[in-house]
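Quick heads-up: the structure tokens below are two forms of one chain, split into structure 1 and structure 2.
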Structure 1
Amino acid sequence: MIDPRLIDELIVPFLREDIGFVDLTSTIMIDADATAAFDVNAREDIVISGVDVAVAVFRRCEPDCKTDVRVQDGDHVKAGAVLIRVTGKARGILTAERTALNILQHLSGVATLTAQYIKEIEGTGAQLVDTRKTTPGLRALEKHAVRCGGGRNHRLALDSGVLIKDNHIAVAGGLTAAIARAKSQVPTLTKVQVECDTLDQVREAVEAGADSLLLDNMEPDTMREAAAIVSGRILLEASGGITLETIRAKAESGVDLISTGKITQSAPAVDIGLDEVAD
């Protein structure tokens, strides 16, 4: 579930952007007291995410509408499935249509693509996690969509954990120095992860006390060597160059986590429509 308070905050600018001052077409074409029923339909096989957001959009534009929600976030549905039936004054419902569908199509697209990646690594023991490569303003919703698709979340924001990358290492004066500085100041329950490009860095990071390693753009054979060096002492995460075609081999290398920005950054919107229910 997404916190309803967050949804309420987010949909205000969404609707302001789409409506402007007034929905000119619906106001002109539809009588204020005209009522209708509409179905939100899946037009392809998808994984659902964003139902609560879509419902909140409809209710914001037509507070008295009735929403019969027939699916839950995380459900796998077939083409033709009715996701939500919305009944009430037609003017407000149609004003909400595009915004509600846009967010539902986008978040379900993220969930659907995530599920495809998850399927590719079944049985390997590795878990798929997301990244901070999200749409500005939509991170909480997109990370929720990753969970709906079966993935897990990495850092929610920069204050969620320490991830020391190459530029941090360069400025801090070296990998060991960077880890020592982080470990001396980080909150006691916060982990320190280090990005490693080479096996020498893997050895140094383990020796320096890193809590986990991010293996950046390594080939599967190299990651196997890294896994042998670590020998289960700390978590290993693979990142970089992760696609549907490459993820299986990298998952079989012995890593614990695989992160990719593609599930949020490159997910195509799925096909969902709003259709009036015939009498």
Structure 2
Amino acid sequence: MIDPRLIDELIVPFLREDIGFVDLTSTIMIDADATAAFDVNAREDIVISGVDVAVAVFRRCEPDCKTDVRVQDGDHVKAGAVLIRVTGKARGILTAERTALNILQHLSGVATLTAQYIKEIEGTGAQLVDTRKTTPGLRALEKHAVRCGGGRNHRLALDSGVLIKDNHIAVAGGLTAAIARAKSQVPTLTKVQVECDTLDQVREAVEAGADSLLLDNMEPDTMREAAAIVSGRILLEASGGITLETIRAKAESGVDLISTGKITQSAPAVDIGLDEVAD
């Protein structure tokens, strides 16, 4: 779920940012024709995301390198696992190292944290979804990482979904009118979601043809009633105050989706390193 051409376009400025005019150390200290093999290793148990991006970074810095990819995005691996063996001219591979690892560590961090949340809601029928709370410049990559961790994506950008909130309802003259306005104007394959605070709003929104409801910071019991009202006709999403501790109770309320920005905004980088392979 990540456009291969987009990867190629994204990594050009990433590398320029890290290299500047030239990698002084590699250029000065490493002979141009010295070759070596390096392993990209997991140094803790993680869920993998970003292998294709890392490979693209190595290939851009050492076009003739051989990349032996041993895992794929979404794999759960143990500490010590080799993700990629890169063989070729050492100079280019070392220039690529930091950028490749920065991407892998961040995306696998997102995937790993997502998987932890997913584990908490196993068996509940609820799915975990992301938000637009992503790192600027990394939207596509982080949304992909969420999927690697077992989550699903909410709208990708402001042009791929409508989310009606309180102030919109006020402007439109009521919830039903707001939904009508949105549904008559959105692109025909785009859904209209409505944020609901009360069960009355839930009833009105379903009646008015909303495609999805967002229950923000609602109590599990109220959500359970909302789920009963909706009874599977449209997607019900819970958000607000989601933590590893609170998520199961929310998930058991019968909502379809639980969303949190934490999995993209607050995922710690996981430990992945590059080590030269001894001859």
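Whichever C-alpha set is largest while still superposing within 1.5 Å between the two forms counts as the rigid core. Numbers given to residues start at 1 and step along the sequence of structure 1. All values derive from a computational prediction rather than experimental measurement.
As summarised for this chain, the second structure is the form predicted together with a further copy of the same chain, and the first is not. The Cα shift for residue 232 between structure 1 and structure 2, taken after rigid core superposition, is 2 angstroms or larger. Core-aligned CA deviation for residue 122 between structure 1 and structure 2: less than 2 Å. Relative to the superposed core, residue 82 undergoes a Cα shift smaller than 2 Å between structure 1 and structure 2.
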